[in-house]
Each structure stands twice: as structure tokens, then as C-alpha cells.
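First, one chain by itself: the form predicted alone, in C-alpha cells.
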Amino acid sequence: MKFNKEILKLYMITDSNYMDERESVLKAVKSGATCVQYRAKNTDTKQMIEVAKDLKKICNHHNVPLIINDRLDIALAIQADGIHIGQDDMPIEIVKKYASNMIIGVSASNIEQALIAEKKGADYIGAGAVFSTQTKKDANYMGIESLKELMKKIKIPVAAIGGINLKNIKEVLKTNIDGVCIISALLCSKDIEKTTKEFLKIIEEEHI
């Protein structure tokens, strides 16, 4: 799937600690999530491939791209639409060598990291953590003001991540970002389909 910044609007990231990936992804994409990232930090490779294959079928059916977090081997094995890498993962130069046809996203917690990723050919930046978050306790905290400064420097699309919920999303959207990555605010909600639609309604009202 060719990259389009529209896919970043409501970017859902899985976490089996909160909900089964297949169940959460199906509910989210049916309700309008525009992109899915499969993230499984403590799952063995065989199980990851099995889950990723099922998620790919669900995403394909709803014409939503599936991005694999960290694992280039899994992304290649299931022919995912893209791969997302962090600062301590495989260097982007190597990822591009083996996955030149995939969407490539890079996490950045400051402007310098984002500029380097942009220069090396990332399609988009995952910027954060904007707020403190329980999902990734080791994430560097960025804050709204730093996100605003990052947006002034970066030319490629940016999706904000980290602690974003229905109460603070408008503040985040005002930084001129291209989308938001949501984890616990969706997966911990009582009704993931209703919450997905609520996020989309706010995003559309803010015209991003």
C-alpha cells in the first residue's frame, strides 16, 4: 500500500495486555481507525506470525494498512504494509534495503531524532511520548510545547503518541500534527467501537 498521510489520522496500536489483538483490531477498523500497528514485545516469533496474518486479513478487508512494530522479519514474512522502528531498533538504512516497498515509520522523542529519520528517508514520524503513559513507561516525555517546535522543523507527516485520550486530544491536534496514535484510551474503553467513533469525530471537527 502506498503511503498517504491520511492513514495517520487515527492510528491504533495493539496491546494484548489490554485486549486480544484480533478482537481489538476488528472493532477499531470497523469503526473507522485508519491504520493499525501490531506491537507485541513479549511474544514468540511463531505466535507473532500467526496473529499478524490474521490482522493482515482483517485490515485488508477494511482497506486499512497494517504496520509491524520493530520486527522486520515478521513484516516481510506476512507482507505487511509497513514497519515502525524505534531509536534502538534496526537502523532505517537496513530496513529500507530489505523493505523498500513498505511504509517506514520512526519513533522520535526530540527534534534531532526526527530530523535524522526524515533525512534517512522515513515516511512518517511517531512523535512522543506527548504525555506520560502507562503503556510505555520508559518513553521519554516530550510535552505539547516540544511537539509544536518539532512540527515547525519536520516536513514529513507526524503522528503524535503517548497518553492521548478524549480529554486531551484537542490540545494535541492544535499542534498541526497529521494524526494521533492511540493505545490504552481505546483498548481500555468499555466500548471500543463507540470510543473509536468519538476520536474520529473530534479529529474531523479539527480538520486534520
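Don't overthink the numbering: it's just position in the shown sequence, from 1. Every value quoted in this text rests on a predicted model; they were computed, and no experiment measured them.
Only in words, not in the display: the form predicted together with another copy of the chain, which the text now covers.
Chemist: Spot the stretch among 22-30, 56-64, 148-156, 36-44 with residues whose non-hydrogen atoms come within 4.5 Å of another copy of the chain in the predicted bound form.
Modeler: Answer to the contact question: 36-44.
Chemist: Is residue 93 a contact residue for another copy of the chain in the predicted bound form, using a 4.5 Å heavy atom cut-off?
Modeler: The answer is no: residue 93 has no heavy atom within 4.5 Å of another copy of the chain.
Chemist: Determine whether any heavy atom of residue 77 comes within 4.5 Å of a heavy atom of another copy of the chain in the predicted bound form, and answer yes or no.
Modeler: Yes, residue 77 sits close enough to another copy of the chain in the predicted bound form that at least one of its heavy atoms falls within 4.5 Å.
Chemist: Wondering, does residue 88 line up within 4.5 Å of another copy of the chain in the predicted bound form on heavy atoms?
Modeler: Yes.
Chemist: Spell out, yes or no, whether the shortest heavy atom distance between residue 70 and another copy of the chain in the predicted bound form is within 4.5 Å.
Modeler: Residue 70: yes, in contact with another copy of the chain in the predicted bound form.
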